[in-house]
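What follows is a single chain, given as C-alpha cells, in the form predicted alone.
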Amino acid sequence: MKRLVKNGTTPLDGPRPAPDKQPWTFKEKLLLGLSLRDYLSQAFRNPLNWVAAVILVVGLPVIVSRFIFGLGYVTHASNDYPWGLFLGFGLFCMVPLSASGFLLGTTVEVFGRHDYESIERLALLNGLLGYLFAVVYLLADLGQPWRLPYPMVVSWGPAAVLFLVGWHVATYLSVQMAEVSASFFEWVGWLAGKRFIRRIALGLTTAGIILSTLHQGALGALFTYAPGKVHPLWYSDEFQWVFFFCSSIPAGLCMVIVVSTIIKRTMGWRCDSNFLDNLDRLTIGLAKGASMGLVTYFTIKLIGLAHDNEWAYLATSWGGLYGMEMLMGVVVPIVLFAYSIRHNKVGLARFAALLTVLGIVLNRLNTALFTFNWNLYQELPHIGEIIIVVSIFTIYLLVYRFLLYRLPILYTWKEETVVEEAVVVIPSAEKPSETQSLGEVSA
C-alpha cells in the first residue's frame, strides 16, 4: 500500500471524491478502494504476508491436532505443571498489555483530556484485541470451546477466583466491543449507531474501569490458590493482587507507545495529520504516566519483599533472575523516562517503553511459568505449544493490521457535507412569491 500511495493512490478515508458521489460499496471498503487485482498485487508484494503464511501453514494443523488428540499431544502439562505458555503468555502477558483501553478511556472520557483523542481509539482497539486473543489462548488450553457458556451460566462457581476472572473478561469484552463499535459505525455509514455509542461513552468507560481494574488484580489472586509453588521473590500472600494491578498500568501505557511507534514507521500512509502531528507530544505524556506507574510498582515490590522478609533469596541464582527483571524492566526504564521527559527525547522514551513491555512480559512468564514449582524441577515448553502460541499471535497481528487498515482508528473519517441553499421569508408586497433565495435578496 505504501508504494501505491506514493504513486498517487488516495487512501479511502471518506466519501467518494467528486464528480462521482456514489457511496462506496462494502466490498470496495474492504479492498481499500482498490480493484481486486490491485489489492491482491500489493498483498503479494508484502514480505510480511509471506512470513505469516508460512507460520500459519505450519501452525494451523497443529492447532487442529490439539483439539483432535487432546492437550497432551502438544504440551507437557501435568499435575505439577497445570499450565504452560497458553496461559503463561496468552493470558498473563496479553491482559496487562491490554490495559491501555481503560487507561486512555479514563483519560479522555472521565478526566476530559480530549487532546488524547487522536490515540484513544488505538488504545481501545489494542485493549479489545488483547483481551479477545487472551480468551483464544485460554480456549486453546481448556479445549471444547463450544462449552464456554457452561461454567458461566449453568454450573456456577462463585467461590472460585477463576469464575470471577471469567465473568470480568466476558463483560469487559462486551464493553470494549461497544467502545470500538463507534469507529465501525462510522466506516459503514451508520451515524445513528455512532451517536448512540457517544451518548453512553461515559457509562461504558466507567464500567470498563471497574471491570478491568478488578480483573487485573484477580489474575494475581489466582496464585494465592497455590502458596509455595511460585518462588517467594515473585509471590506474596498480601501483595500478589497489588503487584499485578500496579504493573498493568505502565504496561498498558507503554504498549500504546510501542504500537504507535510501529504504526508510524510502517503504516504512516494510513494515519492522518492529527495523529502524526500530535504523536510525539502524546508519547511524552504517556511516558510521564508510565514512569509514575513504574515508580509505584517498584516501591510496592520493595515493600512486599520487606514485609515477607525474603531478602536472603536475593543471594541465590533465582535472585539473579529477579534482579535482572527489576533492573532491565523497571529501574532502567524509570531512569530513561526521567531523562527523556526532562529533555523531550521522544526516541529515548519509546525505547524505555519497549524495555518496560519486555520487562512486564518477563515478570509474568517468571511468575506463571519459569519459577512455578521452583523447588521441584523445570519443565521446558513442548514444541507444539510454542508453534500454537506463535501461530495465534500471528493471527492476532493480522487481525490488528486488518482493522487498522480499514476502520477510522488512525484517521478521522470524512463525512460528506450537504450544502443547502439558505432561504429567507420576506413580505410579498412587490413579488407574487413569498420566498426568495439569499442570493436574490442580496442582489
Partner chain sequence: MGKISRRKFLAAGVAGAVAGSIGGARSAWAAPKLQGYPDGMGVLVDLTRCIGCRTCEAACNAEHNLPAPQEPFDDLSVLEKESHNGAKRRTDESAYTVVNRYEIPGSDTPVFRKMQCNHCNEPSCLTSCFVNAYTKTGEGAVIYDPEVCVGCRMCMVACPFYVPAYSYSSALNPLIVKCNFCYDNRLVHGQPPACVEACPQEAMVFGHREQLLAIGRERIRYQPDKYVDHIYGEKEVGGTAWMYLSGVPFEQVGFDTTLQKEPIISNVKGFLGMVPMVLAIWPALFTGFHMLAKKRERNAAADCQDDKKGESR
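Keep in mind that this is a model prediction, so the values were computed, not measured. Numbering follows the first chain given and starts at 1.
The following text describes the form predicted together with the partner chain, which does not appear among the structures shown.
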(Q) Within 4.5 angstroms, counting heavy atoms, which one of the listed stretches 79 to 87, 341 to 349, 268 to 276, 297 to 305 is next to the partner chain in the model of the complex? (A) 79 to 87
(Q) Please identify the residue among Tyr131, Trp234, Phe337, Phe372 with any heavy atom within 4.5 Å of the partner chain in the model of the complex. (A) Phe372
Q | Residue among Gly193, Gly289, Gly319, Gly217 with a heavy atom within 4.5 Å of the partner chain in the model of the complex | A | Gly217
Q. Is Trp156 close enough to the partner chain in the model of the complex to count, meaning some heavy atom within 4.5 Å?
A. yes
Q.
in the model of the complex, does Gly323 come within 4.5 Å of the partner chain, counting heavy atoms only?
A. no
Q) Would Leu202 count as touching the partner chain in the model of the complex under a 4.5 Å heavy atom rule? A) yes
Q.
Against the partner chain in the model of the complex, would Leu148 count as a contact residue? Criterion: heavy atoms within 4.5 Å.
A. yes
Q.
Do any residues of 204 to 235 have a non-hydrogen atom within 4.5 angstroms of the partner chain in the model of the complex? If so, which ones, in sequence order?
A. Thr206, Ile209, Ile210, Thr213, Leu214, Gly217, Ala218, Ala221, Leu222, Thr224, Tyr225, Ala226, Pro227, Lys229, Tyr235
